[in-house]
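To begin, one chain is listed below as structure tokens, in the form predicted on its own.
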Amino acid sequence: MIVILTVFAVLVLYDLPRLIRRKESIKVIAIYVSLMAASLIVSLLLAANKRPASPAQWIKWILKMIGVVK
């Protein structure tokens, strides 16, 4: 996990100043941060030998929570 965190830290430290220097819009930076966060979460789950839930499981959970499916 240390390796994964180190790689993501290097990527963020390399890319984020370039995005700020180019004066990219806040939307671009927000999308970059959200994609990097999602990638980091999935990578950490895979490193811990836990499979992330599939989108079908998320949809089923949401429908159960709303009460559409029992």
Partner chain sequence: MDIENDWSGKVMEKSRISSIQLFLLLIGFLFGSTVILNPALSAKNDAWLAIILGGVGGALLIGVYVSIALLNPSKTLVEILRGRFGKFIGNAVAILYIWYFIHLASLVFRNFGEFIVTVTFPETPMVVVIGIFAVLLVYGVNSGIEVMGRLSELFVPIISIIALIISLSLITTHDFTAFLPILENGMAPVLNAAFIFITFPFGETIAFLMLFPHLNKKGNLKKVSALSVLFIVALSLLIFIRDISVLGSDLMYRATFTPHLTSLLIPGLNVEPLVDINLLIGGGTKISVCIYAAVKALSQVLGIGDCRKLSTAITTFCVVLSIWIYENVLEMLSWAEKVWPYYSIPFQIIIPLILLALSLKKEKRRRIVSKT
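Treat the numbers as computed from the prediction; the structure is a model and nothing was measured. In this text, the rigid core denotes the largest set of C-alpha atoms whose superposition between the two forms falls within 1.5 Å. Residue numbers count along the first chain shown, from 1.
The same protein has a further form, the form predicted in complex with its partner chain, not shown here; the description that follows concerns it.
The shortest heavy atom separation between residue 66 and its partner chain in the model of the complex exceeds 4.5 Å. Put simply, residue 9 is far from its partner chain in the model of the complex: not one heavy atom of it is within 4.5 Å.
Under a 4.5 angstroms non-hydrogen atom cutoff, its partner chain in the model of the complex has residue 54 among its neighbouring residues.
Residue 13 falls outside the set of residues with a heavy atom inside 4.5 Å of its partner chain in the model of the complex. Scanning 32-55 for heavy atoms within 4.5 Å of its partner chain in the model of the complex gives 32, 35, 36, 38, 39, 42, 43, 46, 51, 52, 53, 54, 55 in sequence order.
Relative to the superposed rigid core, the position of the CA of residue 14 differs between the shown form and the other one by less than 2 Å. Here residue 25 does not count as shifted, since its C-alpha moves by less than 2 Å between the shown form and the other one after the core is aligned. Taking the rigid core as fixed, one finds a CA shift for residue 48 smaller than 2 Å between the shown form and the other one.
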